[in-house]
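Form predicted on its own, single chain, as structure tokens, below.
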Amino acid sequence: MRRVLMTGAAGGVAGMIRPLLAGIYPELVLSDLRAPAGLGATERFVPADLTDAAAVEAAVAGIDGIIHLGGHSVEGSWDTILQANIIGCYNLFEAARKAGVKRVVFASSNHAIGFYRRRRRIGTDVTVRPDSRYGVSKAFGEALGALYADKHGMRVTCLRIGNVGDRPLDRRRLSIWLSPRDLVQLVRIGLEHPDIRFEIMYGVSGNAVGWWDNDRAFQLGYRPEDRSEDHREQALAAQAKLPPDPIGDVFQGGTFCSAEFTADPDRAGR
């Protein structure tokens, strides 16, 4: 990997990992609707709207690997999700195929499996249970990645990211927290490991209270450096200030599950 493209480069997650990627790859090409702040010596900005196939093709030209963080990062209307996360994701993979890109690391989400109950520990081989239109778009991206891996030989890694930040912010995030440096480690596995064909891994640090079996990531060399337990006191103090959520507190997806919820809570996620 000499030239790596990062979409969604003006977003919060990109801002946390860009400094950690400096010097790892000779050139990091950053793409978004607007330029991110503070371009480094090895960074170059290429503007692109993911819904504009021609602009995406221009951004992908000459790229060896892609870190696809772009799109709408929370729940939104169907049209918003359709354009940014479904059409945009297709444009990215198709442009990568045309350009002969070797590898794509796709930022999937825990919201692709958000309707599993918190008491259940799950692996990456479970049926997707999206908790939102956003979660549906991430399940679509995983399926699209599998298609391009199997049909076109692209090496694709899908990271079901929990929540990236300097520390977990509440009780739920004690289970799903991912530190920036652990995310970089997972990204590097996707871009560099020789055994990657198509993989789904959980984007989570070494949290003792986690809900996910991340054995495949460990098989590929993942060794998380951080754990949520080191921040437990602060997270629980923050949790105490939040109102109860009878639906969200049951399911792994949290408030994404309770938003617009109209089903029988005893039957959901069964």
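All figures in this text were calculated on a predicted structure; none of them were measured in a lab. The first residue of the sequence shown is number 1, and the count goes up from there.
Heads up, the form predicted in complex with a small molecule isn't pictured, but that's what we're talking about next.
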Using a 4.5 Å heavy atom cut-off, state whether L92 contacts the small molecule in the predicted complex.
-> no
Is there any non-hydrogen atom of Q83 lying within 4.5 Å of the small molecule in the predicted complex?
-> no
Although the small molecule is absent from this view, report whether N163 comes within 4.5 Å of it in the predicted complex, heavy atoms only.
-> yes
V126: heavy atom within 4.5 Å of the small molecule in the predicted complex?
-> no
Which of 144-152, 191-199, 172-180, 83-91 lines the interface with the small molecule in the predicted complex (heavy atom within 4.5 Å) | 172-180
